[in-house]
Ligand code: HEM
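The data below hold one chain only, encoded as structure tokens and taken in the form predicted alone.
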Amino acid sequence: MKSNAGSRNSSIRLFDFLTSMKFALAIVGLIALACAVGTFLPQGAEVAEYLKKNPDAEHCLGWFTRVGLTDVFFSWWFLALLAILSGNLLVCVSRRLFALRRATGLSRLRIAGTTLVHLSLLAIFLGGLIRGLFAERGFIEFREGESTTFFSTETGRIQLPFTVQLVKFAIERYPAKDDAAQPAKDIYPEKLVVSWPERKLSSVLPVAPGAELAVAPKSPQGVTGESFQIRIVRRVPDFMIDMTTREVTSRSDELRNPAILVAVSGLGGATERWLFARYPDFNMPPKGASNALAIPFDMGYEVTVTPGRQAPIKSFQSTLRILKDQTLQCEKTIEVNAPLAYGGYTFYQSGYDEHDLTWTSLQVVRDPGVRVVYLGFALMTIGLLITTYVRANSLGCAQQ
């Protein structure tokens, strides 16, 4: 009997210790230390970028990764600390609820205030647990006119329950303050190079709408082959295509994404195709074009850009559309610190490519725990107001 009583007393003492303020403060200290580590060490996707700049740190960071120090806020031990502290707070709240039933007057109001504060902390930690277990983070990368139904993460792709379309991407620059800061006029030497690699022959055609070039390659024996007529039909400095109508327009007068439409005719028929200076391995036919002619030579659109000075970038924006079952759900222009939220997902403006101003990247976050955290903040505000009111009334009664 004494042995059973001793074991029971030991269990009670252990339970009291695990639910005590001292134990809670120790857990809070460990969580604070983990947060400090997560602030100073690179986390998640930052690790790869850090290793590019500091390759000597690979061994050290490898050890940190194995113990979860490079993904602190989503590691199992950090979530375990939050769970333990939540259990401690839950017991504390239960005890205060029992005390609340017996209290009266200002004492009851004071206990209610402190109980709300403890409940708020419990809600905040619970939100953190939900975030660590169920949150999704990733990126979308696309160009104007493109759509996607998924986003990429470090481990793969996650399907979205709707379609995201990039309608337009725009960059705003700071205005030039004086003439010295004005961009210098850019020089764009352009040419169309026609070549037969196997014969080591090439011809150059100046790029101007309407310019023509007749080519008739000779064989190694000096015999002239079939003659072709090449003509520059159209030049677009900043190529953009409407994915719905397939109409080609130019976003600006600057050679950001230069393209030319080339028509080739010969005895076998005629064909047209778009050539791109930035993407020499890619070409495409225009809307309604005929491709009856097989071209026995290569064509390349070359642009040598000598950039002038440009004003610094002030901001960049993406106009997004959310489509579900081919129906428009919403449309919004987002920028840094002004995201789009829909269907539990939040889309943040993330990046751009100054050399391809039709491309952008978005950060995608789905955090089902954020509402629980906001509820915790609301409960904490109410609880602190109540305890402040009770304290003020207690001081007033004491002075009287």
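On a predicted model such as this, the values are computed, not experimentally measured, just so you know. Don't overthink the numbering: it's just position in the shown sequence, from 1.
This protein has a second form, the form predicted together with protoporphyrin IX containing FE (HEM), left out of what is shown; the following refers to that one.
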- Task: Counting only non-hydrogen atoms, choose the one of 117-125, 325-333, 246-254, 67-75 that falls within 4.5 Å of protoporphyrin IX containing FE (HEM) in the model of the complex.
- Result: 117-125
- Query: Is there any non-hydrogen atom of L85 lying within 4.5 Å of protoporphyrin IX containing FE (HEM) in the model of the complex?
  - Reply: yes
- Task: Give a yes or no for A378: in the model of the complex, does one of its heavy atoms lie within 4.5 Å of a heavy atom belonging to protoporphyrin IX containing FE (HEM)?
- Result: no
- Task: Please run the contact check for I382 against protoporphyrin IX containing FE (HEM) in the model of the complex: heavy atoms, 4.5 angstroms, yes or no?
- Result: no
- Heavy atom to heavy atom, is R96 within 4.5 Å of protoporphyrin IX containing FE (HEM) in the model of the complex? yes
- Item | Heavy atom within 4.5 Å of protoporphyrin IX containing FE (HEM) in the model of the complex - the one residue of V262, I140, C92, L320 that qualifies | C92
- in the model of the complex, which of the listed residues (V373, V365, V28, L41) lies with a heavy atom within 4.5 Å of protoporphyrin IX containing FE (HEM)? V28
- Quick one: name the residues from 9-34 with any non-hydrogen atom within 4.5 angstroms of protoporphyrin IX containing FE (HEM) in the model of the complex. T19, S20, M21, A24, V28
